[in-house]
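Next up: just one chain, as structure tokens, the form predicted alone.
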């Protein structure tokens, strides 16, 4: 409950900061709409030439685009801005303010920066997802809905842990932002199911940069393509990577020399 109160506090602070610059709302809305148009436009071009893409039907790929926008919104809402501020605090020696607070420092640095207008992406992603499911005419059963929820949670955990480990490298390296930019660039590949890519790229997008677990696996759950083995693998990878990120954080914090050092 204490962590929920902390999360709500940072969310309110983020909202207050963003509401002071309301023109950002229209900027973000324009960016979100353009991203959606480009994604759906790409699908329209492809399916103007074929009926399926690697076995995926048009409505199924629209659902995948919805998940892609939704997960991207979750990343940009809190994970990315918090990790960037975390790395800045390491460079400036101001991480002391988080470490000395009577709460888990990793949790604090993970949630303290919120860009409230990224909720537009989340809402838009959910809207696209609902429209796709209506077009599919799919009757989502309890088991399928549960699999989707578990896959989405596992994917979010994997992405957070991956970002956390990259950001923690700032304890030793100064220019880690370039790595995060690479992740953002590779995330663009999530607009499409990873099964359309060559085998070596599928492996990279699954285990090196975990785009598959964040987007394709939840989409497979909704479209009835997800196997129990893949879902179990996602859970195991999420658990292992979260534990590794936690250990790496504790290891890295030992090397921090802040303003009070």
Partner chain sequence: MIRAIGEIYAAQLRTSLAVQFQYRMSLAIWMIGRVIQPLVALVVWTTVARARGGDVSGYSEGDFAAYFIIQMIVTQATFSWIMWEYDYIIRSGQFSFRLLRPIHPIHADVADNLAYKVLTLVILIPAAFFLAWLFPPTLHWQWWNIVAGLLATVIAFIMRFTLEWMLAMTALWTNRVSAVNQTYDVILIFFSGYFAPLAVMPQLVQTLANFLPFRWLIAFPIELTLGRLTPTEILIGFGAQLFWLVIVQASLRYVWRAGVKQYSAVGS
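Keep in mind the model is a prediction, meaning the values are calculated, not measured. Positions refer to the first chain, counted from 1.
Here the subject shifts to the form predicted together with its partner chain, a form of this protein not shown in this document.
At a distance of at most 4.5 angstroms from its partner chain in the model of the complex, none of the three residues 171, 228 and 235 contributes a non-hydrogen atom. Contact between residue 38 and its partner chain in the model of the complex is found at the 4.5 Å heavy atom cutoff. Proximity of residue 131 to its partner chain in the model of the complex falls outside the 4.5 Å heavy atom cutoff. A residue is said to contact a partner when one of its heavy atoms sits within 4.5 Å of a partner heavy atom; residue 143 fails this definition for its partner chain in the model of the complex, lying far away. In the model of the complex, no heavy atom of residue 58 sits within 4.5 Å of its partner chain. For the partner-free chain shown, nothing in 92-110 comes within 4.5 angstroms of its partner chain in the model of the complex, judged by any non-hydrogen atom.
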